[in-house]
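Only one chain is included here, represented as structure tokens and corresponding to the form predicted alone.
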């Protein structure tokens, strides 16, 4: 078990607690002065401060925040780890800014979150896309040879960007991609937003452990951290200074201390009972999926994702109305339940019993049947670059009015936030059929 280092104490927590108890007259931001308008939130408001004396400064950390981030890096066994109170989006922006600074050609798997696309727009970063060989835009699989062929075709320094695990819980071959990147002196970046737990499984699946140069983890997705708490991991310590400066370019100068305190507590938990809790959850999930596989097609290999092939929209309604359970994501092809080590054995038993409940009467059997989305065979024509399209003057149209037009800014909902059409692409009949399948009723097009 990973143990706490001798000098690691919950310094952020202690500072906030002491400051709350000091009854100092708060002549600084935020304007609520520690007083909540809603009584039930009084404790959170009392701890919500800004970067005052003694609290350290996140992007110029040299005190309690620096030591806490160093402990997170030690727990994850990285060259450096930085906290983000702006989710994985801030981490993605910083990673891509580093690639821009290194003048690298970006090769990206097509199953990306819109945060990646928006970051490329902000940085004016061109992308060469790799299409999945199977699966869908939400959860696709890739042939390593496609990445290698793409690297062979570029003469300048390059980098590869992939999402793993994806929204359905599918994992890419990070170790294999890492070997290819080393062969061509390329960098490997991983959106591991859904995999903050992966370093603590029985088999370490974390991207950094498998050779990635940079990756982001949204701690709040599967670990006990507040929403917006994320980690940016760096494999080599020599890259740390530049990455931190890039985070400063995009991050708020007033990061939430409530989020940062939760990241410190999460680190403390991971170094203690957290590892065993994650492995216990891994075992619970394994047994649950084994039983469910007798009735459903279970998708994905990440233990914290329970994804089943079913009409998720209908199944989610049943879970919500009949069993007081709320899913992570649902569409006509699947249902995604996001698990966590904070769930108990009783929670897993209840979930398994509900999912194995007899819903197979003739009416429900047909309504729960998963549908297959229309195929998107390849890329549409790129008429202009991402930045030009996304920042153009645009208008909103219904899909039936948009065929042949050029996609402007991406209007895709989250979850899963994976674009069907990219900014700068000509909108095709194929892509419109896919939009209708996912009930997307509007699209932004260039005027």
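All values reported here derive from a predicted model rather than from experimental measurement. Positions refer to the first chain, counted from 1.
Another form, the form predicted in complex with a small molecule, is not on view; read the next lines as being about it.
Shown alone here, residue 86 lies within 4.5 Å of the small molecule in the predicted complex, counting heavy atoms only. Contact annotation: residue 92 falls within 4.5 Å of the small molecule in the predicted complex, judged by heavy atom distances. At a distance threshold of 4.5 angstroms between non-hydrogen atoms, residue 246 is out of contact with the small molecule in the predicted complex. Within this chain, residue 218 lines the site of the small molecule in the predicted complex, having a heavy atom no more than 4.5 Å away.
You can rule out all but one of 190 to 198, 251 to 259, 341 to 349, 237 to 245: in the predicted complex, only 190 to 198 has residues with a heavy atom within 4.5 Å of the small molecule.
In summary, among the residues 113, 104, 206, 110, the only one with a non-hydrogen atom within 4.5 Å of the small molecule in the predicted complex is 113. Exactly one listed residue, out of 136, 81, 119, 163, brings a non-hydrogen atom to within 4.5 Å of the small molecule in the predicted complex: 163.
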